[in-house]
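Presented below, as structure tokens, is a lone chain in the form predicted on its own.
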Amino acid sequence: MINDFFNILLPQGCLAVFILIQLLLGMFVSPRAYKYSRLISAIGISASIVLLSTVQIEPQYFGLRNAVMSDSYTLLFDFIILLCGFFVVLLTKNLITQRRQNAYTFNALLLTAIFGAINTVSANDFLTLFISIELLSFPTYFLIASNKGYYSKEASFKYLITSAVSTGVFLFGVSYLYGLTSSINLTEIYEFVAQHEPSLLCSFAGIMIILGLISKLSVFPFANWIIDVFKGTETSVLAFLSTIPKLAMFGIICRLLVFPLSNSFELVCTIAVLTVITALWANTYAIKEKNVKCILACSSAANASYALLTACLVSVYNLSAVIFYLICYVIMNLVVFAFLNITEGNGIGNQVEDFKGLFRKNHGTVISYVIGILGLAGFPIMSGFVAKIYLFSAIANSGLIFIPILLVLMLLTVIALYYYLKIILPLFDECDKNFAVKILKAAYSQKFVLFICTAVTMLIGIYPEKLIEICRFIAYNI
């Protein structure tokens, strides 16, 4: 067990120590020292990122009686999750200032959710996976409710109900798979599946398991929470919600699709249908919306559906496309929510017309935001354009049967341009001289996240080859 800890669990152990520190400081330190809570979280996450270098990945390492594992695939996802966590911590300045009496508790919850996320990706049996998902989900309910008010409480409750139902569906599928294979270990289940003919019962279990996991991706039938949750949640928490849980869920879903659930054609068909329904709903619903957060909620659901469809068509090329797409997607989301975090801190609302004319006095921040939105829309030169081309080419290479689905998704991507442009065009409107345009004030930490992520978005869009090469290496060695 000591060897397991030093070979695979040092980053998780480091996060656990800093969670304990935050809880202890929350009990004994005066609320006037709230500013240090963000610093402690940033130090803890940075230390965990450094400790990733100690994780054994060659050869694959299985620890705690094969309950957890590490390889280059888990290492990459752990790094991206921790990096996103670091950026989210930098964006929490406004919320921490408002809730200073609960600053240490809030950061303890945030670190716990990140801890659950990296354990989710590393899980090698369903018991560890279930506990890790709950460690990710349970703090999220409180993080969503941290922005006090009716809408925040409603958002938290809806997320709780949806997660509870999806957890029941997940465990229902696991129970059937355990009945078939007499194991909850992913490696042992894969060996059983590889040695036996595909069965309808095994496909049914796989469908239930994946349905339970995709609730965090806001994919139908668990997409009903996304609009209300985005509308009622503070923007720094939204930055967390739109990146870290999605990375964790895609990390484990891709692994399940590649190994234990790889021989189920019924599962592929089910996911394909659900992703098309989600994409249709999200892109059409966003057209009539005027709330920026609601539009971004639809964007989140649509983008998750594109990636999930590609992931279920299992191949090295498809998996590398999904990994590349996720990296680009989370970086662009951080750009968008960093800008919204700044505007929210300056008292600007979330309606499209509230952003009218902001470019006139805020050139740098607005241009960064526009780059993030255009990246999500898939405009050329942005990383989102390369990611969508890579993703759609992966679907096209998966067989002629999926070409009609690809054409539908491409059409929906074109339709999505309308609501993405609807968000950014008011920024450049000519305002009446009597209309006072705010000069956006932002903390250095907020500007750092905004401009660094913008620069990375542009860099990947201009020179994607190196990152694509890394993603293909990771996909090949899963």
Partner chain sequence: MDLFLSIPFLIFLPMAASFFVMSPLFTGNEIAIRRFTKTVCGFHFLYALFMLMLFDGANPYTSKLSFFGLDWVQSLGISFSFRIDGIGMILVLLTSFIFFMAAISSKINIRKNAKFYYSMLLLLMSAILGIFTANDIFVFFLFWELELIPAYFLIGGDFTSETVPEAKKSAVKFVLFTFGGSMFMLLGILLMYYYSYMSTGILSASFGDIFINSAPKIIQAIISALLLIGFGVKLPIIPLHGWLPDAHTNAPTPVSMVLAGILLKTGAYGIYRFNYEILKDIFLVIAPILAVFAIVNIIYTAFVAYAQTDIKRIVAYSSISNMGLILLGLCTLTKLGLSASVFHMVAHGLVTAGLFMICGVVYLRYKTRDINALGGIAVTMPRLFGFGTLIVLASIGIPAFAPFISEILTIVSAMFSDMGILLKICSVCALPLLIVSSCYMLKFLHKSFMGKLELSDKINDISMHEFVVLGSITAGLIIFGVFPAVILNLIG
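Positions refer to the first chain, counted from 1. On a predicted model such as this, the values are computed, not experimentally measured, just so you know.
Note that the form predicted together with the partner chain isn't included here; everything after this is about it.
Against the partner chain in the model of the complex, the set Y36, I80 and L95 makes no contact: no member has a heavy atom within 4.5 Å.
Among residues of the shown chain, V386 is one whose heavy atoms approach the partner chain to within 4.5 Å in the model of the complex. The partner chain is not shown here, but in the model of the complex it comes within 4.5 Å of a heavy atom of G378.
Contact check for L200: no non-hydrogen atom falls within 4.5 Å of the partner chain in the model of the complex.
Interface residue remark: V437 is not counted as part of the site for the partner chain in the model of the complex, having no heavy atom within 4.5 Å. For the candidate set L180, L160, I131, L407, a heavy atom within 4.5 Å of the partner chain in the model of the complex is found for exactly one residue, namely L407. For the candidate set V29, L411, I452, L51, a heavy atom within 4.5 Å of the partner chain in the model of the complex is found for exactly one residue, namely L411. For the partner chain in the model of the complex, the listed stretch (349 to 357, 389 to 397, 271 to 279, 164 to 172) containing residues with heavy atoms inside 4.5 Å is 389 to 397. In the model of the complex, the partner chain lies beyond 4.5 angstroms of every heavy atom of every residue of 137 to 152.
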